[in-house]
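Next comes just one chain, in structure tokens: the form predicted on its own.
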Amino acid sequence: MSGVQGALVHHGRSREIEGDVVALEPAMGDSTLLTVRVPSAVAAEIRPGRFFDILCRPDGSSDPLLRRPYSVFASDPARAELQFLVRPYGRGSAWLARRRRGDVLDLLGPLGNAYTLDPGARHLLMVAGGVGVAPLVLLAREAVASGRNVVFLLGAADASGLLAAGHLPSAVEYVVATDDGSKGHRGFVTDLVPDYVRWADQVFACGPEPMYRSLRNGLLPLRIGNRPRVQVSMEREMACGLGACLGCVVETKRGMRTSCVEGPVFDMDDVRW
């Protein structure tokens, strides 16, 4: 595929597309921000929380067999570009992080649902752990553009794993926590949440499941009724992206739900913890 826009192949509610890698930059310690040119119609569909399943293997190889899910960090419909935040956890993500300009990626998406902003919500609290920051950056930009107030909390192991403030709108109040105390609060990002619970109209979170349990335990005694509502993006192995493999099932009060189709965003109170 050339550097323009590739053809779309439709797979029911999703599309398999080719995307050209147009830029790479280091971010958050060992992570990479990967900029990919995609069909402009696809870039225009992106909403905070939706994701793509990316094939992370060389042409002609079947290893690794399964796709890897990546939330969209940024979307620029005018330039027909998306950004993904990639941390090399395993073989697939390490392969993706080593791509170069001009490489072509096989992407399936956009998949899943999105975070929902209540029309009357003016004060938004966002809580991110590590690379869980990706969809919340997109949400923060959308929220600020609509005139809302945003407090953005991010936790990492140390200062090198934090997102540079320049990736967030200047109007965002950005507060960080590190496990070793090298920057910001020493401890977990969820330690910071009680200071903002009564201020927030809505809470949005993305990170590992233990972070959600800690968030829930800290919020429950401080909420008034079920307010503020909390939306979480559940991290699961979403290999097929179509709800067929059942590898990403989340147990909810309404039964078992596939994270790749009926998620990844769920109301915290709806999940069975």
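Numbering starts at 1 and follows the sequence shown. Quick caveat: nothing in here was measured; it's all calculated off a predicted structure.
Separately, the form predicted together with a further copy of the same chain exists; it is not shown, and the next lines address it.
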Only one of 200 to 208, 30 to 38, 215 to 223, 55 to 63 sits within 4.5 Å of a further copy of the same chain in the model of the complex by heavy atom distance, namely 55 to 63
As a check of understanding, the residue in 91, 79, 186, 122 with any heavy atom within 4.5 Å of a further copy of the same chain in the model of the complex should be identified as 91
Checking 95, 196, 84, 174 against a further copy of the same chain in the model of the complex, the residue with a non-hydrogen atom inside 4.5 angstroms turns out to be 95
Even though a further copy of the same chain is not shown here, does residue 158 get within 4.5 Å of it in the model of the complex, heavy atoms only?
no
* Using heavy atoms and a 4.5 Å limit, would one call residue 103 a contact residue for a further copy of the same chain in the model of the complex? -> yes
